[in-house]
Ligand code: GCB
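Just the one chain here, laid out as structure tokens, in the form predicted on its own.
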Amino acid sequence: MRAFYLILGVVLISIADSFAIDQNAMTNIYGRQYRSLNGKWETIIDVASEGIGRRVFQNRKPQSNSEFFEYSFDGGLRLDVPGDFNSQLPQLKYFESSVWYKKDVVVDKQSDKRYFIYFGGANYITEVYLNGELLGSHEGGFTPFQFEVTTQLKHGDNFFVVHVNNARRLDGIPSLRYDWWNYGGITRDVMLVETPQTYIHDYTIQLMPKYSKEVEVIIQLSGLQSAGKSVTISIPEVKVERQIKTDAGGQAKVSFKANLNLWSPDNPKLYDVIISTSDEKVHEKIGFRTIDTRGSEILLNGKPIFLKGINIHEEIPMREGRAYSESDAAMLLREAQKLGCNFIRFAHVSPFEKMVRMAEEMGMLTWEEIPAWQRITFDNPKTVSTGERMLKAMIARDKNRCGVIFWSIANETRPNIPGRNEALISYVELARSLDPTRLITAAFDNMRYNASTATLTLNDPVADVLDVVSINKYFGWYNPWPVSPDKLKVEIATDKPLIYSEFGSESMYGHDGDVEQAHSWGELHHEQLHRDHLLLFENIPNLRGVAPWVLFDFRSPSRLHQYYQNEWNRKGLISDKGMYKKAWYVMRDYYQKK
């Protein structure tokens, strides 16, 4: 069964290439008038992706004795939304194809309102239908999307059908091969959102770059009456209130000085912010801080900071499923806090919104990334444009989250990939144009070792245009130590801050193994490897942050050792059962002293 599904997933043709794409999602969905559509959805498992041809989206029922249809949602499998389908049924563990979801919704439709169906995320290609008609499609597993349904929604009974296909694609981001579980389905919140005819679609509220007291506000209305409309922005705690008028395009801008208590890991201060018009009021929690570089320093609110980090996958290993709830976020973030972290690299995606917000409330600095992992077909214009849409959606959703200090454009891509350099440099330029208040980075694994000087170097044109350079290197695991760790020199982007964004090895919890033998899969080797890296870090003058790989052991079907891995990547500082490995204490002690 497993081999069949994997092969099927690879060869399936795109289900949505010819359809209209999703609309830009509105900012701060949780501050809106919405009705949650989470819960049990009726589903059909479509192994061969036959549902389009059979018009499953119409949910037809026989109307005569001679009529029948070769599908039915009634009385069949029901799956939880949000939630990946792979972890909800043993038979779906390796499933990589199509699942159809249906939800009946009764709506008291108001003529003076607009309505939107909003998805926090679904993996990987999603088509959305309302009452049998296609609304549009979305590509990507980790960014939100919405469709306006005002004209299609009926007063009374309605039904939504959602077609999700998680087949891996050569032209996808990520592509055919990646080192985590391909969880499919509607994996994040779904809401039916109600707004006025003219509503607050988007807003940016940030400190201006390098200014700790100057707040810049940009508000975008949507609707026929959006021009010349009065908008109020207020921060009651600091007695700020400004009224502004929108221009012909429905946009309003203002900047003002405010005496603000700046957000930091030691003081995660968030202010109540209210954006309102005569029709609508949106409440928000926003923190204010500056992030910048000066030479090889990273400056938070003008002061140097060292990033004590950890990589986190959006997965709950004990449940063997995708993380999606506030309790999931709390579990993962509290473990990072216990380790002593002030920084989280969300690998290799933009996580669900509630986790980003919770990290900010806890005082965690964060890194978000589009899943451009290793073998991406950058010579394909369609792939490059997909990455652009992902980057835009990631920044649009979280641009007001002060805890987010890095936008990352890629992980472990190589300069010799056709089109890669041009695409990534264009992503850097795009990210800066959309958000000049944050630092742009990417993680590299294409360093070179010079034996004559015992030096590790990096020659990559993309690194030259970044604010902060990050490197992944698994000395002692994938590569033997070329010299003793205290003798190895790292001369990479010496005029910029450097983050050692991945290092580690695999070990089975409770198995000591041999400290000298990587192939023993033991905790002693794992522990010593982390101690060795701490010696290496002392030799990197521009090192401004580290992040071991990874917080928890996580599922990965490419891990084939039958005894020690069994489809798990065992690099976690914490086991899949929640037990702390010996290496966890090494990093905890390092962070306490740092």
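Residue indices: 1-based, along the sequence shown. Quick caveat: nothing in here was measured; it's all calculated off a predicted structure.
One more form of this protein should be noted, the form predicted in complex with this ligand, which is absent from this view; the next part is about it.
A.B. asks: Tell me which of 353 to 361, 406 to 414, 269 to 277, 230 to 238 has residues with heavy atoms within 4.5 angstroms of this ligand in the model of the complex?
C.D. replies: Looking at the partner contacts, the answer comes out as 406 to 414.
A.B. asks: Only one of N472, Q146, S137, N158 has a non-hydrogen atom within 4.5 angstroms of this ligand in the model of the complex; which is it?
C.D. replies: Comparing distances to this ligand in the model of the complex, the residue within 4.5 Å is N472.
A.B. asks: State the residue from N542, N59, N569, T27 whose non-hydrogen atoms include one within 4.5 Å of this ligand in the model of the complex.
C.D. replies: Comparing distances to this ligand in the model of the complex, the residue within 4.5 Å is N569.
A.B. asks: Since the partner isn't included here, can you check whether this ligand sits close to all of W373, W549 and F554 in the model of the complex (heavy atom within 4.5 Å for each)?
C.D. replies: Affirmative, all three are within 4.5 Å.
A.B. asks: Taking heavy atoms and a 4.5 Å cut-off, does R559 contact this ligand in the model of the complex?
C.D. replies: Yes, R559 is a contact residue.
A.B. asks: In the model of the complex, is there a heavy atom of this ligand that lies within 4.5 Å of any heavy atom of H348, even though the partner is absent here?
C.D. replies: H348 belongs to the contact set for this ligand.
A.B. asks: Indicate whether E502 is a 4.5 Å heavy atom neighbour of this ligand in the model of the complex.
C.D. replies: Output for E502 is yes: heavy atoms within 4.5 Å of this ligand.
A.B. asks: Does D179 reach this ligand in the model of the complex if we count a contact as any heavy atom within 4.5 Å?
C.D. replies: Yes, D179 lies within 4.5 Å of this ligand in the model of the complex.
A.B. asks: Pick out the residues of 226 to 262 whose heavy atoms come within 4.5 Å of this ligand in the model of the complex.
C.D. replies: Residues within 4.5 Å: none in this stretch.
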